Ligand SMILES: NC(=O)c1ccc[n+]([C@@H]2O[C@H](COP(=O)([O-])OP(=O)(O)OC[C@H]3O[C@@H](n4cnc5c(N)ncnc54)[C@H](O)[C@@H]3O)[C@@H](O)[C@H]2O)c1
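Have a look below at one chain only, the form predicted on its own, in structure tokens format.
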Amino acid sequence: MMKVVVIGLGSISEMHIKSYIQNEQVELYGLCDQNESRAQEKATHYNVKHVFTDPEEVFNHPEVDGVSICTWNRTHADLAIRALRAGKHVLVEKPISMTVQEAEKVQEAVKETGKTLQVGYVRRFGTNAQVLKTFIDDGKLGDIYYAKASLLRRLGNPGGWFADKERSGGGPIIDLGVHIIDSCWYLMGRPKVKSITGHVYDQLGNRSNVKNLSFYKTADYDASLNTVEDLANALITFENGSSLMVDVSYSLHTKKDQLGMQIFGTKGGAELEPELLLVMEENDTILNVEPQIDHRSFDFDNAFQKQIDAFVEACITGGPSPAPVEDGLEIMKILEGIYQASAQKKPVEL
């Protein structure tokens, strides 16, 4: 049995906890949070034996094999490095760090220790993404040369640490954009980035004045605190000539929330979201093909379980992680590049 501790017990930790409990190769050994009462309450609810308030206690514990890091973005790299050097396997929530430099240090720690590190790119594990990847890998779409990704909230700044750049590293591009950028980049074959044109806007704030519409708020929501962008867009060009266009928002004057991801190849195309759809050509005719699967749109619970199972399998067998540290570094280059391009008001060459 692999013994795991979840560190940081905010909302995303629930998915880690539930998925570990469902994995027969894991003992959820403990929970760790600086808020002891919260940690104790969750430990009681899930019948977890051990409670920690300091990650260092976890890292020094000889019985712990691995950790899930579900803390503020600012702490991801430091905690991951400390855990690796203490001999623990690591599943770290996205993004892997707040800067490229930090991500490079995490990569160095992985190489030094030989331990498994997986980045929480959970959308890779959705049935829709996995099915689409089989078609792409089989050449059904031909050469992938273009993708579009859009995740727009008209009113969706969670507040709390998400709205505090010092703790989060940024707003929707680093919180939401990381998911849709990774999904497209992964399906495009993980090409190396060449250049980035990006724009970041802070025009609307968190719009806490809007009435009669509810949205998710963190436990420490403070309407007066907001130091992150409300909209960002970018054009990412890769060394193989392919490109990815992306836009993402917490706050935007749009009719409704929108999520869309599209992949285009020389033989066909696909929509990953809002529902998986393939566009093919047969007998000089264009076909819109709807795969008959359980989850044509992203199913969070199902994907999270697959992500945890893949992490555990990699740790136990020593096999490669399906979302390794190298991918965390490459996506961090994209995220940082978008902010840099916007600040410099010109494209960034990588």
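All values derive from a computational prediction rather than experimental measurement. Sequential numbering from 1, following the sequence displayed.
Below, we turn to the form predicted in complex with the named molecule, even though it does not appear here.
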{"property": "All of Arg38, Asn73 and Asp175 within 4.5 Å of the named molecule in the predicted bound form, heavy atom check", "result": "yes"}
{"property": "Touches the named molecule in the predicted bound form: Ile12 (any heavy atom, 4.5 Å)", "result": "yes"}
{"property": "Contact label in the predicted bound form: Gln34 to the named molecule, heavy atom within 4.5 Å", "result": "yes"}
{"property": "Touches the named molecule in the predicted bound form: Trp161 (any heavy atom, 4.5 Å)", "result": "yes"}
{"property": "Partner proximity in the predicted bound form: Val4 to the named molecule, non-hydrogen atom cutoff 4.5 Å", "result": "no"}
{"property": "Stretch from 94-102, 180-188, 259-267, 226-234 whose residues place a heavy atom within 4.5 Å of the named molecule in the predicted bound form", "result": "94-102"}
{"property": "Residue (of Leu132, Val122, Ala77, Leu151) lying close to the named molecule in the predicted bound form, criterion heavy atoms within 4.5 Å", "result": "Val122"}
